[in-house]
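Read the single chain below, which is given as structure tokens and is the form predicted alone.
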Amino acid sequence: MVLSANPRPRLEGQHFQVVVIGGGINGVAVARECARGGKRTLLVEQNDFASGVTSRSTRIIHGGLRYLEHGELDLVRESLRERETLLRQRSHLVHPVHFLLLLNENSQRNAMKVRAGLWLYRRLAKNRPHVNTGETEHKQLERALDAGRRWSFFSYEDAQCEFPERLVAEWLTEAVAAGAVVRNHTEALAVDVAHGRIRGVLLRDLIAGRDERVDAGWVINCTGPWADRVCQRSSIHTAQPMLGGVRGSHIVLPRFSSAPNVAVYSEAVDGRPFFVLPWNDQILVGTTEVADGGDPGKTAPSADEIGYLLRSVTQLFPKAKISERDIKYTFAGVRPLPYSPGNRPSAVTRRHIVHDHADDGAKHMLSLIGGKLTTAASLARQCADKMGLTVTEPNAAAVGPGNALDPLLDEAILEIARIGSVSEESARGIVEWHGARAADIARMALVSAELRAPVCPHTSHIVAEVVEAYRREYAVTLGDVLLRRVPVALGACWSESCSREAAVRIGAVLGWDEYAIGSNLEAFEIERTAFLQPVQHHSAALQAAAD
């Protein structure tokens, strides 16, 4: 059973100038751009917004240092420009991060070329200052590394969005404020094409359990790794597949004793680049590149991938004595990279492509291929321009609505704590995740002690944030809330007992009876386990990695 705080009026027979299929970061960005451009826009997502590739990424907002290896200077420039815009306009969600690139005497990359690449990277970044890490940080990290090797340290600046799900939630509410209609848990069954032009979309509302058809002037296919499937179900035939799916897997570890306080970029056991990142009071290790043509909704890290990541991190930090039992959970997503038969996954461009289906007999339908977190807004502008909308390039120096409260200012934290009568820790959490909406949530919290209560005993985030998610951010299920809008279930201490406690506290405020609490809890645990997969201990591959 799922309960929605927002009624879902029927869509049957309505006309939309633009229908966007797919509610990841790219789809939400496109819907926002089209709505701002004055088009009546519908955004539909088969699961929940940001529940697919967006939530399964490495969570870095970066210019793409690695792309320099492949000569993609234009992509690096675009990424760096978009990174700066996000850092300025979404500073509560996107933070500067100092990276250390580590090479040893056996590394496949030449130190002189790395220095030249970093020099060029900084020049392309223009206004991002370079900050040297202190000698203490270098020495602490060096003591933790394999002492039998000679290490070279290279430092550079990039950024991290720990919770891109929150960025999507903000863009979603901005799209709605501009006039968009949004529906999660709504599957696009097929695009209706007649006489060489799209006419509408057949939808299935999975919450209401009904099929509906809407008319559409344009259809934008932003379904990521599902893009080819949307065309196949709609009998839209492309000359070749648009996608070549590549799975990227991650493991999440607790903060071990010698864990770095900076982001580390180094080489895995096979020489591929990989990251070891402080994230959400844990350590995020990733990622892999494995061809995956299966169901993107059921993708999962293989034992080989988990073993590969475990060997790579233990090779880098042998003194930490990390084993398979330390892995808290794993997750994987399928990158929707362009179809490139014969190319190694690492060599496939990360540049986004806008495929126009006019030559496929479906005029006014576009499919968006590729892209990444950093360039979602840029991709949306490119798509809108192709549709003939007037596009305004952002002013990177401008302060956006998400930055009205600066989480670095103690005064802002104290003000939110005063408004909501909550602890400073809770106030900081509200500001960091909700930006300009923090004051409204704090006022709501003042209404009752139940709203000021933490979602579970291990978090400072409060039930009022959950109510905001149901009321204004189009959450429908408990998973929509605890995994994405108020993603406390990604935390280091979350357990089944936390899930039960959260369901009871949330249900008490929303008026759920015992059956509703139980059914919401059951559905949440199923979704959480499918996403954040536990490791099956003592598999041969993992045991070999630990030895």
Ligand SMILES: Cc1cc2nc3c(=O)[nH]c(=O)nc-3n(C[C@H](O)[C@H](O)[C@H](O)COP(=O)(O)OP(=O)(O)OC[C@H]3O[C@@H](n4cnc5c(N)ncnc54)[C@H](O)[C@@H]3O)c2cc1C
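These numbers come from a predicted model, not from an experiment. Start at 1 and count along the sequence shown; that's the residue number.
Just so it is clear, the following notes concern the form predicted in complex with the ligand, a form of the same protein that is not shown.
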One stretch from 34 to 42, 486 to 494, 49 to 57, 513 to 521 that, in the predicted bound form, holds residues within 4.5 Å of the ligand by heavy atom: 49 to 57
Contact at 233, 250 and 374 by the ligand in the predicted bound form, all three, heavy atom at most 4.5 Å: yes
Contact label in the predicted bound form: residue 21 to the ligand, heavy atom within 4.5 Å: yes
Contact flag, residue 314 vs the ligand in the predicted bound form, heavy atom cut 4.5 Å: no
4.5 Å heavy atom contact, residue 83 to the ligand in the predicted bound form: no
Partner contact for residue 334 in the predicted bound form: the ligand, 4.5 angstroms, heavy atom: yes
Contacts with the ligand in the predicted bound form - residues in 204 to 231 whose heavy atoms fall within 4.5 Å: 222, 223, 224, 225, 226, 230
